[in-house]
Structure formats: C-alpha cells, structure tokens
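Okay, here we've got a single chain as structure tokens, the form predicted on its own, with questions on binding and movement later.
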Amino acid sequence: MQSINKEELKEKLRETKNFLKDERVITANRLKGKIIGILRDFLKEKGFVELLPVVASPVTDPLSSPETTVSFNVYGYPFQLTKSMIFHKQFAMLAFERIFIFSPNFRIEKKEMAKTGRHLVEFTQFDLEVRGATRKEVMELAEEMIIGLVTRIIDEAKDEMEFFERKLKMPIRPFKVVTYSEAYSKFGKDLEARLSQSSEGHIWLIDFPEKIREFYYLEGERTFYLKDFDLIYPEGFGEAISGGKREWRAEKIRERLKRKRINEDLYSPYLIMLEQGIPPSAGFGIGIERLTRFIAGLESVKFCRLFPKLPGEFGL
C-alpha cells in the first residue's frame, strides 16, 4: 500500500486549500449546480422519476477494466463500489417507465489518464433509462435535452459564462450521425479524438463492434455490431455521452460473456434478474464534470469538482 509522509501530506493539503480558493473552481462548481438543476427540470417535465444512486452493490458495470474494481465484504457478502448504474437502471424498469439518477461513480483509471483533461477517479454521472424505448428515441431525447440546456445556460448563467469568456454555439438538430466503421476508415484508432477536433458541432458515433464495447448492449442488424452510441463534443472536448439499446435476455448475455471470455459467475445477480424477466429498455449516461468542462470551455475536469481525484494522484 502506497503511503504519504506527514510533510508531503501537509503540502498536498496546502495545494488543496489554494485550489478551493481558485475562482475557476468556485465559478465552475457554481455553473455545475445550475447545469444539474436544468437537467433535473427538463426530465421532470418529461415525466421522469428521479432515483437515488446505489453506492455499493454485489454487481457493477465491468467497463473495460474489471480487474480494477474496489471490492470489500459486508456481512460476509462481496460488494463493490459502483462504477456505473447500468445494471440497476435496467432493474429499475420493473418499477418505473422513465428514470434518472445523479450517480457517484468510482473508477480506477490508468495513471496516464490524468493528462487527458477528461478523466477523474471519482465523478458524477447523470444516468437515464426509458422502458421500451428505441435507440433513436433516446438519441432524440438527448439532442432536445442538450439544446434546452445550452439555451437556458446562455440566459441563466451569464456571469459564469462571462467569467470564462465562453461563447457557446447553439447546437443544431439533428446532430450528424457517423458509424464506427466509417469513422475508423477515415481516422483509425484515434477516431473519437479526431472526430471531436475536426467538428464544429455534436456528432453521434453509432454501431460499435461488439468486441470493443461492454456486453450489455443489444446486437444490431449487422452481426457483432451493436445498437449503441457515443455523442462526441465538438472543439476537441471528446466523448459526451455513451448509451444505447440494452440486451435484456439472459441467454444472449451468456453468449456475449462466453465470446469475451468473461467468467459469468462474476455477474450471477445480473443474470438471475434477467432470467426472472426485466423489460427491454434504452438509455445513456453523461459525465457531469465533463459536461461542465465543455460548457465552460475549461482545459480540465479537475476544476469542475471541489475535491478532484486525478488518476494516480493524491486527492482529499
């Protein structure tokens, strides 16, 4: 276990104290509060029910790094810190048709990710899910939500936008749609960054190959390609949203786990819930700190959280 000596700790806490007084931090977090309020208003008007997050659970999203899950025992049962609410969003469809959550996520990223300006170990994800929805329907909902957000921010956050000298362009619907195959042919492996850098508007990136995505997306018309999407911010700000249509059949998930060589015992609670029956759904998640960074035009998400934990670095 890596430790920190007392003198180093004092210096780190002095840095934290100075960071808390930084006007960029103060203004960005004030702006973030307004963003959260606007998103909440938008979805409540659409008939969504707000749920409270699940902080720890016997099962959580593996993402691309299942080995970095924070695990511990509670009353003798294995629990993990939540990486994302995806499984619980699917389960919640048994109770509600439309839900959203501001969910704290804890993900141990690789140390080099600290340099991207987009990654935090601890962050808030705004999650929503809609029972019986198509991919197209939730993409259209996201477009309406983002345009509504930008409209209100321009009107209601004049002081913050003036402080950051940020002039937001109003997104135009429908957003451009590009398949993963098309983007890969043009840009190669760095396609999301290249798309973001080369675009003046938001872009949907759809139909990812199964092998590079998580196992819970529904397969599309093309075998081994998914009914999923990422929304890419313009101006080089990178990925905004990830989501898609969910697979809700246990046998299909088992097939996917087998192809990915993942031990299905790790996801027993999820598989049993699917076997007992849950409705099909679609939804997405959007990082609140990344959204605030884009709205403010900041170089790093660290300014968008009062106590940021950058990958590989000490954080209070």
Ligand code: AMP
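Numbering starts at 1 and follows the sequence shown. What you see is a predicted model; the values in this text were computed from it and never measured.
As for the form predicted together with the ligand, it is not shown, yet the points below apply to it.
Proximity to the ligand in the predicted bound form, defined as a heavy atom within 4.5 Å, holds among Ile101, Leu120, Met139, Ile146 only for Leu120.
Only one of the listed residues (Leu266, Ile26, Ala56, Leu63) places a non-hydrogen atom within 4.5 angstroms of the ligand in the predicted bound form, and that residue is Leu63. The ligand in the predicted bound form is approached by Arg290, whose closest heavy atom lies within 4.5 angstroms of it. Contact check for Glu210: every heavy atom lies farther than 4.5 Å from the ligand in the predicted bound form. In the predicted bound form, no heavy atom of Met93 sits within 4.5 Å of the ligand. Proximity of Ala240 to the ligand in the predicted bound form falls within the 4.5 Å heavy atom cutoff. Annotated contact segment (heavy atom within 4.5 Å of the ligand in the predicted bound form): 111-119, selected among 154-162, 172-180, 111-119, 194-202. Contact here is defined as any heavy atom lying within 4.5 Å of the ligand in the predicted bound form, and by that definition not a single one of His88, Gly244 and Ser281 is a contact residue.
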